[in-house]
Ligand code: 1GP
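Encoded as structure tokens, the following chain is the form predicted alone, with no partner shown.
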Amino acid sequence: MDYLLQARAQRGAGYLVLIDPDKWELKQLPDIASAASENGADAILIGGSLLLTSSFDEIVKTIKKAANIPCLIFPGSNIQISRHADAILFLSLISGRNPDYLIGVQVMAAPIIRLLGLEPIPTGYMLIESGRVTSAEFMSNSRPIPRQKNDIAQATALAAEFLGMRLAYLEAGSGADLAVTPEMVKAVSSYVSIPVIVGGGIRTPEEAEKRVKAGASFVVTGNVLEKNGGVQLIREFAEAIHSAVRQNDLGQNY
């Protein structure tokens, strides 16, 4: 967590590249991991809503070996845990009312995380309506927050902060038709004091920059890199995110 805060302090906002193990072949992982490391990403997230392979530990080990930036697990379930990661986002799906994803899987995962010596980063995970049913929404059996209901998002993120969570994650979902709006990012980030992560449906560096200017501390991309696979695109995202000035830093409206 300290590394993430330092990256945000030094660069204004952080860029996180998401690697979904189900979307890449094992032989491709070193290339995407090194590309992320060498082209401006601040950290790599590893995980997905499903897991269609039995070698998650080997996947994390392969990515970690090729990367020179931290590798954080972004778990879709309690089977996505590996000793080779630097930390794990300890997610609670606070936007839903499914007890399994609010606290159930966390109880099962906590002893394993402790035994492996992984750093847990308590994160309030919030699904936001995105124009389609995403894998995260379907697998969690929970309804997302309506994309225009900024007040619900504000109250939910504030509850996460009051519960002691270190991050609030606004998630439209992998391959979302619509990204979380800059207006919602602004409403939430100005309402809480914990860093806000935004991901899902962000397809261009310009869209990423708008979320940073609205107050996002970190922006995540994944699906767009799977489809386009360009090292240049990683660099463009990193430059846009790092060069943008967050609203919270200026105290201005955008």
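Position 1 is the first residue in the sequence shown; the rest follow in order. Please read these numbers as outputs of a predicted model, since none were measured by experiment.
Only in words, not in the display: the form predicted together with this ligand, which the text now covers.
Contact with this ligand, judged by heavy atoms within 4.5 Å in the predicted bound form, is confined among 208 to 216, 33 to 41, 61 to 69, 195 to 203 to 195 to 203. S174 is the sole member of S140, S174, T123, Q80 with a non-hydrogen atom lying within 4.5 angstroms of this ligand in the predicted bound form. Contact between L29 and this ligand in the predicted bound form is not found at the 4.5 Å heavy atom cutoff. Mapping the unseen interface onto this chain, T221 counts among the residues with a heavy atom inside 4.5 Å of this ligand in the predicted bound form. Although the partner is absent here, L18 is a contact residue: one of its heavy atoms lies within 4.5 angstroms of this ligand in the predicted bound form. Residues are counted as partner-facing when one of their heavy atoms sits within 4.5 Å of this ligand in the predicted bound form; in 70 to 89 only F74 qualifies.
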